[in-house]
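Starting off, we have a lone chain in the form predicted on its own, written out as structure tokens.
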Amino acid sequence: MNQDNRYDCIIVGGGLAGLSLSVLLAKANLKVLVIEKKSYPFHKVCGEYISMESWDFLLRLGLPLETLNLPKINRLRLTSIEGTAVEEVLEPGGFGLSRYELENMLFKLAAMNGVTFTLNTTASVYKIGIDFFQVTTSAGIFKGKILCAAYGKHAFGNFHKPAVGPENWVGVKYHIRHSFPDDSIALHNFNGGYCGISKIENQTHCLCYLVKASQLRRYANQIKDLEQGELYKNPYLKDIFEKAQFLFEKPLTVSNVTFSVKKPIVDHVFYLGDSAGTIAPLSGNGMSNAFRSANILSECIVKYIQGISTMPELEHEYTVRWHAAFRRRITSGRLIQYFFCKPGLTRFFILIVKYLKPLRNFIIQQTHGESF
């Protein structure tokens, strides 16, 4: 094996979690390879709201957030299908930035810090050797002391595939221009799903929704028919779809989205971001959760590479810290999603939340973390 193909860490997937991890490890003088199936920049289905808990972390990485004039978001609105609405101050709030811009900036930052990339490349299988992993890809074979999986929701090859849940979802995203307030984020319920809107860069808003695949099938998988037949029943969504300027020629979609319970380590491979189930529905700030998982894992890996900890200690520390950081947020998110998407319960849930301020504050606390 050519020594040029040997790395301290191989990261499969160059999304938020994988890119952030690569920058952190490279800054600690590790030799890092990122395997990414696309080329930057590219759009992804994502809500594109980032909690302020990630602001200091991104500054430490080296992103010039202060110079980007990003919208600061500090108000939340929830609405039911019938139009019942509740609003609350978001503390600590967040900011808007598209995945297109954010991942492209992180990619450039990682390359500047010495991370090696192999783009337009698919990893097909990995094998465990003596003190190394061998990863076979469409661009060749690579070896690394540590293997990290940050490829998102859909596993491939012999990477861990959790049991499929009873329901899968479809994600749909648009970029639009609309008069929706710059300082707010809204979650609008409809039969079979929910839709979020918040401002991002360049006077643009992200409009993104999740719908049960079974509901979309009722409309012969025609997105426009679904929107007119279901989303328009919520008067807030009807107003958005009728008055907004849509900037994509067609919606960006992702299918077969499941929210199965996953694990942070399987077969000595370290999973982070959505690959580890960190970005569960309504768990709050999926983008921040991806950053936090990268931060935790980087600290554990650096100690191992420096000889401070053994591999069993590395695996134990990451597992404990991952569960401490995400277990409650994921559980809370799934519970909130159940009430927010269950026919017959949503209006009742909105009414309770509307008149019980302590409950509103509790929900926000469950979905927002401390700065890291």
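All values derive from a computational prediction rather than experimental measurement. Each residue number is its position in the shown sequence, starting from 1.
The form predicted in complex with a small molecule exists for this protein as well; it is not shown, and the discussion that follows is about that form.
Exactly one of the stretches 309-317, 323-331, 59-67, 38-46 approaches the small molecule in the predicted complex with heavy atoms within 4.5 Å, and it is 38-46. Among residues of the shown chain, residue 151 is one whose heavy atoms approach the small molecule to within 4.5 Å in the predicted complex. Contact annotation for residue 80: none of its heavy atoms lies within 4.5 Å of the small molecule in the predicted complex. Remark: residue 234 does not count among the residues lining the small molecule in the predicted complex, judged by a heavy atom distance of 4.5 Å or less.
Under a 4.5 angstroms non-hydrogen atom cutoff, the small molecule in the predicted complex lacks residue 104 among its neighbouring residues. This chain is displayed alone, yet in the predicted complex one of 116, 191, 168, 122 has a heavy atom within 4.5 Å of the small molecule; that residue is 122. Interface residue among 269, 226, 208, 90 relative to the small molecule in the predicted complex, by the heavy atom within 4.5 Å criterion: 208.
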